[in-house]
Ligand SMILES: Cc1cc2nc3c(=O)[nH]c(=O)nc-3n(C[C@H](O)[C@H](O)[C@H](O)COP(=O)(O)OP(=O)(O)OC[C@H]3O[C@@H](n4cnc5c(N)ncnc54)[C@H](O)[C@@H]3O)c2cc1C
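Next up: just one chain, as C-alpha cells, the form predicted on its own.
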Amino acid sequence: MKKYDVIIIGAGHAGVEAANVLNKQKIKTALITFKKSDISYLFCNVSIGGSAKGIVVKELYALGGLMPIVADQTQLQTKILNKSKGPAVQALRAQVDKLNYPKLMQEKILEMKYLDLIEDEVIDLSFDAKNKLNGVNTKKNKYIKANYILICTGTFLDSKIMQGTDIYRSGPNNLKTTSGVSLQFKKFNLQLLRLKTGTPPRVFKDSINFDKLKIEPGSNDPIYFSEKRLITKDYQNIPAWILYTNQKTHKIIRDNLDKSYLYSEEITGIGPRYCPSIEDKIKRFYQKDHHQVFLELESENLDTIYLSGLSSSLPKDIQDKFLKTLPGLEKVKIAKHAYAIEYDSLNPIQLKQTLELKKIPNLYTAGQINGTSGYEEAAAQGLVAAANIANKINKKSPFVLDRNEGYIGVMIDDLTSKGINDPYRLLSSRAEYRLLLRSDNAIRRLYKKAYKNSLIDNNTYDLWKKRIAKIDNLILKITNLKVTKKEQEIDELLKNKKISIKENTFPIINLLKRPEISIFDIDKILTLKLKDFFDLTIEEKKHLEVEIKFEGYIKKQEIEVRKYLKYQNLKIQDDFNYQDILNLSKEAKEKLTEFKPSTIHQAKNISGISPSDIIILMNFLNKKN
C-alpha cells in the first residue's frame, strides 16, 4: 500500500503550484494525473495573464510560484494591457508556446524530490468507518493512503463535450472524465453546480491570408512576470493579428442558433459571463455589427493559429461556413473545431478561506472545481490550498490573504463569502483597493507573508528586503532633492514639455508629480545626482515613480483599509454557536450557522444578513473578547 502525507488529484495549473509548495516544505506528496503529458496542458487559450490576471501572476511570483517563471521562459509575445490608463489597472499578458510551456513545467515537476508523479485514474475518495478522509481509490494502484487530499480536477468532473447535436461524455481534448467524486459530494449533501465553458477553433496558418489582417505586436522592450535575472531564453516579440466578424458571419450563426447546444433544451451548464461564445455575443449584443477576433500562433513548432473570441458549440459544418466569411480566412482549413464542455463544480461558499471544505476536514479543492475560469485563478488557488495544508501539518496559522493584500485574496474572499452563479473571472473592478494591488508592487505587498509561510527561501527574502529598502531610501532622497532652472538638463526638459515654473530652485518631485513627466524624462538627472538610482531595473524605476506620483491617493486608500480591517480582524470561531445571541434574527442565525463565516467581513457578504444583525454580532463578539 502506498502512503503519503498529501495526495493531489489533477496536474493542471492548480495541481502543479500545489506540488511545488509541498515539495519545498519536504512534505511527501503524490500527484495523480491520467498522463504525464497532461501536466499544465493549455487546453484553451495560449496566453498567461491579462487584465487583473496578470497581477495575479505577479503575485504568484512574489509567493514563490512556478507559473510566472515558466511563462517568461516560454513566451512568444508579451505586452502591457491598459497602458494608456492608470497603474492600478495595468497588467501583463504573455502569449506562450503551447508545447514548451507544459514541457518545461513537466521537467520542474519531475525534479521534485518529495513528489511522486502517479499516472492513474482516481475512482473515488476513501473514508474510514467514522467518515474520516483517509486516501483515494484508484484504477491501477487501488487504495493510496493520505491524511490530506487536494482536488484540482479542472473541467473533468462528470464532463461532456458538445458540438451541435454531437454530444458525448468526455474531458477536454477527448480525454477521460470521472464521476465518482461528484457522486460522493452529493452523498455529503454538498451543493454541486453545473457550469459550461468553451474553446474556439484552431486553423492552419498557411491557409490564412495575413495581408488582410491587422498586426498586433507585443512590447519591444523585454518585460517579465518574474525577473530578467532568472530567464535564460531570449525575449521574443512574435506578432499576433486582429480581424473582425461581419454581417455575413452573423447571419450564418443567427440562422443556425437552433443547432447550437447553447440554446438547446438539454443544456444545464451556466456559461461564463465575461467570455461568451460567438453565438451568445451575436444573440445578446445583436446591435453590434462586428466582433473582434484575436489570432495567435500556438507554438513555434506548430502550424496552427488560435482564434480567440470565437468559442462555439455549433456543428462542425456550420463552423466551416462562418469561418470562411472572415477576412483573410476565405480559404481557411480547420485543424480543430470549436466545442463547448459542461462539467460539475462545487459552490465555493462551502469552503473555508483556506480552501478546505467545511463539511469534510482535510479535503481541499482548487481551480475550476471551485467555479473559477482561467489558468491564473487556478494556479493561485493551488498555491493557497497547498500552503494551508502545509501549515496545518506543521501546526502553523492559516495562510489567508486579505482583500487589501492581493487579487488572490479578493478572489478567494469572493468565492468563499458570496459563492457563484456562473464561472468566476477576476476583474480589476472586483478589487475595491486596486490602487494598492498593482502589478509593480506585488513583491512589496507579499514577500514578508511569503517568507513567514515558507513559500520563498532566505536568499530571496533577503534580496527583496534590501531592494525595497533601497527604493524607499531613494524615494526619501528624491523627495528632498532640489534642482535649478539653470541646469542644462532641467532647462531643456522644461522647454520641451512647455512647463513654466516661477522659482529658480525647486524640488524635483514637483516635476515628477506632473502627469506629463515620467521617471524616464528625469532618468539622466537622477542618475547624476543619486548614485543608487543607476542600479535600478526599469521595473523598479516604474515602481518608484508610482509610489511618488500617486502618494496622496495611496495614503487615502490605506486609510480606507484601516477602517475595513476593524471588521476584517474580528474573527469568528468555526464552532461558534449563533443561538447564544438572543437579539439576532432567526434568518441570520440559520444562515450564519449554515455558512460558518470566519470573519465579520464574510458575515456581511452573506445574502439575507441585515446591517442590524451585523452590529448585534459585532457587539456580542467584542464583549466576549
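Residue positions are given as counts along the sequence shown, with the first one as 1. Please read all numbers here as calculations on a predicted model, not as lab measurements.
Heads up, the form predicted together with the ligand isn't pictured, but that's what we're talking about next.
The stretch that touches the ligand in the predicted complex, counting heavy atoms within 4.5 Å, is 372-380, out of 527-535, 206-214, 491-499, 372-380. Using a 4.5 angstroms threshold between heavy atoms, residue 152 counts as touching the ligand in the predicted complex.
At a distance threshold of 4.5 angstroms between non-hydrogen atoms, residue 348 is out of contact with the ligand in the predicted complex.
In the predicted complex, none of the heavy atoms of residue 384 sits within 4.5 Å of a heavy atom of the ligand. The closest non-hydrogen atom of residue 352 lies beyond 4.5 Å of the ligand in the predicted complex.
Think of it this way: in the predicted complex, the ligand has a heavy atom of just one of 423, 201, 409, 172 within 4.5 Å, and the residue is 172. Think of it this way: in the predicted complex, the ligand has a heavy atom of just one of 178, 249, 453, 416 within 4.5 Å, and the residue is 178. Residues of 107-130 that come within 4.5 Å of the ligand in the predicted complex, judged by any heavy atom, are 120, 121, 122 in sequence order.
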